[in-house]
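Below: one protein chain in two forms, given as structure tokens, structure 1 then structure 2.
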Structure 1
């Protein structure tokens, strides 16, 4: 339950007078008390954020705290604004769910409307044991911006890159990154890029202030990212991301001015694996990165604007987790898998997308998707004046763009291959989707041809120094021998599969 309530007026209008279901506390005549009925719900689902040192603006750690905010808690739980858990139940099973059951929501309503009695204090459960400081324990490496960046009180969104030298003299594998912004109200998201080319340092040196602006930087690797509503967690099942020796960490931070001038000095904790992982973590987006550029041009007043895309899984994989990304006027996200035998399975359904809460959801058990499975994604946008999150009043035409008041959108999946030999082919097919021609030509083959054209020394292979910066990460993924060169033999193997 937390952070900000910008929609209270709209929520009051939308709040239903009662919710169906059998109340946890028994019949309507049974008294509901804080100690026996409400404290277990709040302590389990709210207190982890609503305590000193965390992002929430007030604590919810005892009867007095909860009673003081009782009517607001009733409102935000009835409207499902809090706790911040976006996936609808029954459309994928996820770990660590904070979704309140209908019974739990009804219990809170009855307690508030019945006078918010405490009950017997001796029956109040103990608070969970929370980790103080770093939520994942002491990091193996802590890095911090060397100077604070000033964010103005208002104005357009800011995308700023900050270079943090890591000074590693050996390759590492990363299982988690925990970010600790110093000015949380203005930090919307942070992406963790890697650079072992020195280009980011040069761009930083040319800019007078801390960091450098824009999207001109081409990373040579990445460690994921964080957005409002996200929590740090270790990758499951022994998975880890590569961190080459000598690489710098580059934070690409999206600032959204809050009405108050702030100074941000981000600190990160990095957690290393004891050994390289046995399986490779792979990511794919539907629509692909920037793929929704062509499908988003939403007229003012349009209340139901769909963007759809599909991806045919080229090899046997297991889905590990899923997250979504969009801006203010996206309203729904639907992901579904259709197997080669015609069976269908929901992967994620967000019925009320909220830009402020961009979580990452780990499946309770990995989902096996055989080669030939179709992953379909539909995004719905509401650009009407009935959308309380619409940034414009009256509504304006909204197209794809980088500002928060523009739009974009995709579901992002993490997966592992069933067969490690399929990793390079999966990466090429997934990355090749934007390279499909209008005639439907093979995007993987088109992308491979583009990579081959960069062979400046004519040896039949392509090295990291030859390939365009924006393709370095892909080359590393295709390079099975991990020698920094996509050899002629490796290219021939991929070409054979593409044909």
Structure 2
């Protein structure tokens, strides 16, 4: 229960902007000053990135910095371009929200239009203290890239995978990963994948220089990720992610050249749980990962191309967090839960999706979804030449695919089951959805049959080495005994539930 206090403080801050250190500027007639009104807003919401060595291109740490860019700051706050925070307010309550209140935006506007007075410098608040070391204290394991990767000054964004052997000789449970890029100005986001198949190492050997290109690598697990502005934190409620012995960590890093050549040599801190968690973290995607089945195929010039999917939650769960994933021309993402009693609740709404700001959003409180709840997701794509993020001019037909100029899209949720006995069944139903229509109605059963057909040695069970690479993560999730084999007994139990 150690998270109780910070959560309460966060709730209070949400309820009352004044408590978050941003006094609302007086009436239209009293002057708005930097010292009293604007500095608290900027120091609280901008300075964490707008300071030397961080991702933003210039500092916002004193009156001179802010005045110099006053007009621009008014614009980017009014348009909600800054601070970067994609979820619209009122559609799910999230921790660490960077969203400025309407009052704060209004205060900045009045300050800029009123001539950007400094006011009494003695009234300027102190800058917040930024911890320079590990935010979460000393990690249990520190790993570093074995060579620096050169990021050129200019050119397109770069996606690169780096393999970091962890050398663990026993299975671990991970509560948090903290990333420390050496070249913060160019590192936009990092996804943490796991691989214990050796495939990532082979891809690395084949590609000259540190790491390898592309999105086609099939991970055998993952440990979440980080994006610019993200706060390192432990998973809530004693949750942890499995980290099998012998696995390599594979970083998938998105670089955004900054105008200055940089060398990146990422360091990561990994925090272990003392004991296996009592509840299992389960990830699911709506629409499911195998997007080709969902037939994203967007004609050139189409400005409103919707993709919708619904998932009926098969068992009682609690939703922990949500993140969106799509490429350049997705424009909106909407998620909603409709409960069996007909009530409904927004889960996420991103009105202006931006591929450069992928984030994960942790709900302020877990959201209980009873079995039978329908999770509806709608994604809208804009493949017209009016979309400034369209990678093609003139627009071209864009279909589902792994390259960043192809498209895909889902909302990705993390949840815990209310009843631990439901874990394997939940994963099978969720992963079995694409296996429904082309092989009959029962997706869970069809997927189970597919896995069973991979039993090459005919012993009735399917091992991690027998199953196709894209099913290893699922096999691990279904394998309740955690012995690396989906045994005949485990298969029979799932079969009984599917029939």
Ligand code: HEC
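A quick note: this is a predicted structure, and the numbers were derived from the prediction, not measured. C-alpha atoms forming the largest set that superposes within 1.5 Å between two forms make up the rigid core. Positions refer to the first chain, counted from 1.
- Note that the form predicted alone is the one shown as structure 1, not structure 2.
- Where the chain switches from one rigid part to the other between structures 1 and 2, the hinge residue selected from 321, 279, 343, 431 is 279.
- Remark: the rigid domain rotation between structures 1 and 2, smaller part against larger, is 13°, computed from C-alpha superpositions.
- Aligning the rigid core between structures 1 and 2 leaves the CA of residue 154 offset by 8.1 Å.
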